[in-house]
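Take a look at this single chain, the form predicted on its own, given in structure tokens.
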């Protein structure tokens, strides 16, 4: 079942009298990466949770392939790859057992999965496959969490700070794996505080401030992307400037 494109149409999300998001319009198409940047409280995680169907907009609409019902359809949700800020792994299971459990759950719903061994290789954990996750460093657990995304063979990938705790080698592996998903036709929406993550991955960066879109910076033309991105992002404390 098709999930793409992911589309936000005039989306707002309120918690009591406080609006975490207002007037969000965004489309994420097949084979593209859209980055979300902004200071803490800007609305990045709320957008990801709405895109994952874990929260419902207070205003407007979020859809997969033009149909809001697909966000709650188990068959459609099988094509979602969701990586939260926490790893949500089972610490007493090994790396391969964590992935095997996912495969069994997907099989019970009639959903196909990628080879868990290949997923572990893509994140550099094949030699630690039989070790319990409780012995892993935070960075290793982060890579395993991303391997779980790969096993789901996702069409739509939602990543909340995917480079958390990763060293240079881990960042290279996860970056390459994200590029691989895009080459296979997936759409990626990711949140990161790190401008280097956006510069290495994103086709477009959406800058959020106080729940509103303040700037959009497109990669094209490539030659000026880094400079325009740097100008738009500024720092977490500074006002967002620049328009793409």
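Positions refer to the first chain, counted from 1. Keep in mind the model is a prediction, meaning the values are calculated, not measured.
Keep in mind the form predicted together with adenosine-5'-triphosphate (ATP) is missing from the figure; the text below concerns it.
Contact between residue 216 and adenosine-5'-triphosphate (ATP) in the predicted complex is not found at the 4.5 Å heavy atom cutoff. Residue 193 belongs to the set of residues with a heavy atom inside 4.5 Å of adenosine-5'-triphosphate (ATP) in the predicted complex. adenosine-5'-triphosphate (ATP) in the predicted complex is not approached by residue 58, whose heavy atoms all lie more than 4.5 angstroms from it. Within this chain, residue 233 is remote from the site of adenosine-5'-triphosphate (ATP) in the predicted complex, having no heavy atom within 4.5 Å. Here the chain stands by itself, but in the predicted complex one stretch of 194-202, 41-49, 23-31, 62-70, 41-49, has heavy atoms within 4.5 Å of adenosine-5'-triphosphate (ATP).
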